[in-house]
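Only one chain is given next, in structure tokens, and it is the form predicted on its own.
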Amino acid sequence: MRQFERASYLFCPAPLTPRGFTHEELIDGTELRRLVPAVAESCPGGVVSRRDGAAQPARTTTAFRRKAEQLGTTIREGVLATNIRKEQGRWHVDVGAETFAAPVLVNAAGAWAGRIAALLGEPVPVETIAPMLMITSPVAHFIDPVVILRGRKLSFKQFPNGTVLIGGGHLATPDQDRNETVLDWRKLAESARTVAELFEVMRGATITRAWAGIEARMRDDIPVFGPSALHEGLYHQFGFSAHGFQLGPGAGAVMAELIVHGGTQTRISGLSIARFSQ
């Protein structure tokens, strides 16, 4: 759900409906307060996506990992993948003291994928970003939908234990080489003030922790997805521009289809890495 602070931010999605963009619905203040009773009176309406959902990233990705390991996947964490080369029709990658070889290589290295693409002769305009998040102390249950504000940078949701996750796009300073981030406390305070202004129940909450994750953002905000334009057996899947958690499962299924069957019914031609060389 997206809430609006001023009527000037309201827009009508009707022109997009004939193009199949039907999942969002414009609602007035009455319906907004029925769905989110705790919201401030200054919000006159919003846009709701009634079929949307939310998941906890740590639990979700852990479940995917466990299933992958059950199916025979080998996972190595905290070790650099280096010396990527193709020899005798197979891709070789050094991972610490180990070397792995396979006929197919997928470059899905997130914020570091741009470096790998450049090393393989396919540089792209990728930027490293670090979206910030923070968790509050528990408060009484007051909201079910995930909320995104349009007037200012803010998104948040409440968990069953009462804690509230606050985000919205404010960025930390990433150190890609050390895999670390430096938080911007002024921007975090700005997000906290916005929540307190919109929801009175949050004014007594405290921030218990904050962090930022390192991600890849493409210049056009569109991911790089599909086969290499130069190398047989090489595929790229990165640059989801802060939407990877949402798109990851579907993208993985399409990539598997592409590799196994040599093609996919999903239209991905516009996502090719070749669009930057053109």
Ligand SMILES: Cc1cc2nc3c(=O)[nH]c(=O)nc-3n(C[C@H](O)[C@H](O)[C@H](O)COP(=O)(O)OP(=O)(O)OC[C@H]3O[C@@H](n4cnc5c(N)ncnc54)[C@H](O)[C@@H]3O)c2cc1C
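These numbers were taken from a predicted model, which means no experiment stands behind them. All residue numbers are counted from 1 along the displayed sequence.
A second form of this protein, the form predicted together with the ligand, is not displayed here; the remarks below concern that form.
Asks: Does any heavy atom of residue 243 come within 4.5 Å of a heavy atom of the ligand in the predicted bound form?
Replies: Although the ligand is absent here, residue 243 would touch it in the predicted bound form, with heavy atoms inside 4.5 Å.
Asks: Is residue 117 near the ligand? Define near as a heavy atom within 4.5 Å, in the predicted bound form.
Replies: No, residue 117 sits far enough from the ligand in the predicted bound form that none of its heavy atoms falls within 4.5 Å.
Asks: Using a 4.5 Å heavy atom cut-off, state whether residue 109 contacts the ligand in the predicted bound form.
Replies: Yes, residue 109 is a contact residue.
Asks: Since only the chain is shown here, I'm wondering whether residue 44 would be in contact with the ligand in the predicted bound form (any heavy atom pair within 4.5 Å).
Replies: No, residue 44 is distant from the partner.
Asks: Have a look at 81, 183, 135, 139 for me and say which one sits with a heavy atom within 4.5 Å of the ligand in the predicted bound form.
Replies: Exactly one listed residue reaches within 4.5 Å, namely 81.
Asks: Specify the contacting stretch among 199-207, 98-106, 126-134, 186-194, defined as having any heavy atom within 4.5 Å of the ligand in the predicted bound form.
Replies: Answer to the contact question: 126-134.
Asks: Taking the ligand in the predicted bound form, which residues along 186-219 bring a heavy atom to within 4.5 Å of it?
Replies: Read in sequence order, the residues that approach the ligand (within 4.5 Å, in the predicted bound form) are 213, 214, 215.
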